[in-house]
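The data below hold one chain only, encoded as structure tokens and taken in the form predicted on its own.
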Amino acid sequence: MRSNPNIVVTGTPGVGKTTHAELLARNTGLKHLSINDIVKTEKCHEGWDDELETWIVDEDKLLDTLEDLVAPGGQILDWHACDLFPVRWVDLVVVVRCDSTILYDRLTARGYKGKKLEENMDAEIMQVLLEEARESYEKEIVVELRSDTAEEVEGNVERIEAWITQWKKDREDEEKK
């Protein structure tokens, strides 16, 4: 039995996933796993997609690379998708959302344009990642959080920290039985 939960922080690029994951890691001692970084450093890809300006992920290699890292628990998986992570790995899925006007400004500031900008905006507006999470995991472990302001991010992190504390307490109570 894991002594720390695994948490997936997912959402459209630009909504604040990494900000949430980094704050959570700093405040809780859990480890932030940037899946984008792992894809690059561990070469879990099949090359570069010039049109979308992104790596073509080799999901099997990525999952093999992550298996030993997530097995003991205590990981925050930060990525724009969640449906490839096995249910047995995941204790909480946080889908970070953002107002589309704010997101547009964030993505254009990052240099997103053309098809990449359009696809990411459409994904947010159509709630693609939220629906993906709801279809892939039990509804009780999927939570949608807004990330329009710094205050919302702080509140979200506090809420997730409280969830982690309760998760640990529940495990301790189970072990005492």
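Bear in mind the structure is a predicted one, so any value in this text is a computation, not a measurement. Numbers follow the displayed sequence, beginning with 1.
A second form of this protein, the form predicted together with 2'-deoxyadenosine-5'-diphosphate (DAT), is not displayed here; the remarks below concern that form.
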Exercise. Consider the chain as shown here, without its partner, and state which of Arg26, Arg110, Lys43, Lys113 has a heavy atom within 4.5 Å of 2'-deoxyadenosine-5'-diphosphate (DAT) in the predicted bound form.
Key: Arg110
Practice problem: Please check if Ala150 has a heavy atom lying within 4.5 Å of any heavy atom of 2'-deoxyadenosine-5'-diphosphate (DAT) in the predicted bound form. | Solution: yes
Quiz item: Which one, 66-74, 140-148, 48-56, 119-127, holds residues whose non-hydrogen atoms are within 4.5 Å of 2'-deoxyadenosine-5'-diphosphate (DAT) in the predicted bound form?
Solution: 140-148
Quiz item: Within 1-27, which residues have a heavy atom closer than or equal to 4.5 Å from 2'-deoxyadenosine-5'-diphosphate (DAT) in the predicted bound form?
Solution: Thr12, Pro13, Gly14, Val15, Gly16, Lys17, Thr18, Thr19
